[in-house]
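Only one chain is given next, in structure tokens, and it is the form predicted on its own.
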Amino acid sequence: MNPLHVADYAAAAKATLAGDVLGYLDGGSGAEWTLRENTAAYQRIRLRPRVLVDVEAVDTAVDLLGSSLTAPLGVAPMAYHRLVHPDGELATVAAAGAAGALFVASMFASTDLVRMADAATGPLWMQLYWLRDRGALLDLVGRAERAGYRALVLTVDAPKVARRLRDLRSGFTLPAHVSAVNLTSELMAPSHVAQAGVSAIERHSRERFDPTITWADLAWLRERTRLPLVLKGILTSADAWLAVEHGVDAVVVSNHGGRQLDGVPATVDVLAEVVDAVAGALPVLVDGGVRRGTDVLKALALGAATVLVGRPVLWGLAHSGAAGAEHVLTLLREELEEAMALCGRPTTADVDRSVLG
């Protein structure tokens, strides 16, 4: 039977992926409370439809930092797509383009950044962690800029990778055939060293991520690139306003998919707070827990400019490569279009908090 819902792809991934890979993909940190809350919070939000509105034509398009998207959807930055399918990021970037969605490539992509750019037919952003080796960081930024990436997404909620019990139990280590090919083998070596009861990903972050960076360091990066800077990992109004004050171009409300500090709120529960704090000064994106088109509608109603989708895209990739990843994004767009019609909101500009009840 062909998948009819994101949950169908999740079930297929669970049935086919190796246990350690599935644990790495689907797991969260700590007791995984935040991981569960990300999806549960959307289910607590109700919709209030308006009737007798002309919805024969529903337009889900949005503009984001100078790019046009068919729907307010993007692929969140996730490492090592080749863990779940040999085509890896070449498949997912093609899927995003075919679906009219944004693609955010991970610093730890398992595909060369130029090859991803060549395969892209839609807007492409590059995600970064701040490395202790600033030379390696700047080299990646320069190559992304020359390849045509349109923005940098700096993840700011991971001075180190949190304890993820599924990875610790499996001793998760990258297999030899999967690597972060856009960084040197020397820089990435710790992620390939297996040790029982140790997550190689966590160990690598302790050795390579710079935990000393502050807001003041953003100026150093801004001076060295012409690309817009997006901060990913904002959960408070205070940090949202600091982003505005420091000239950031957009923020992503994110708790790292429940993979960093466990016990923080679901992203949709703090989205309105962040939107209100920036007061229209910059776009606010959100990720975490989106599984239905109605979830996308709820996020838009709370002020999100675009919703980034993570695990579901990799579930689709694991199922049937580019076709599966594209179908996940298409399902979400079609469900959003239906929800907008049934709520009496024919365009994304018509979606505001009055949709919620």
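All residue numbers refer to positions in the sequence shown, first residue = 1. Note that the structure is a prediction, hence the values are computed from the model and not measured.
The discussion below concerns the form predicted in complex with a small molecule, not included here.
*Asks:* Pick from 285-293, 320-328, 65-73, 298-306: which stretch has non-hydrogen atoms within 4.5 Å of the small molecule in the model of the complex?
*Replies:* Heavy atoms within 4.5 Å of the small molecule in the model of the complex occur in 285-293.
*Asks:* At 4.5 Å by heavy atoms, is each residue in Thr92, Ser179 and Gly316 next to the small molecule in the model of the complex?
*Replies:* Checked in the model of the complex: no contact with the small molecule for any of the three.
*Asks:* With the partner left out of view, is Met78 within 4.5 angstroms of the small molecule in the model of the complex by any non-hydrogen atom?
*Replies:* Residue-level check for Met78: yes, a contact with the small molecule.
*Asks:* Does Trp241 make contact with the small molecule in the model of the complex, using a 4.5 Å heavy atom cut-off?
*Replies:* No, Trp241 is distant from the partner.
*Asks:* Test of understanding: in the model of the complex, would Arg259 fall inside 4.5 Å of the small molecule by heavy atoms?
*Replies:* Judged by the heavy-atom cut-off of 4.5 Å, Arg259 is in contact with the small molecule in the model of the complex.
*Asks:* Mark Tyr9 yes when one of its heavy atoms lies within 4.5 Å of a heavy atom of the small molecule in the model of the complex, and no otherwise.
*Replies:* Outside the cut-off, so no.
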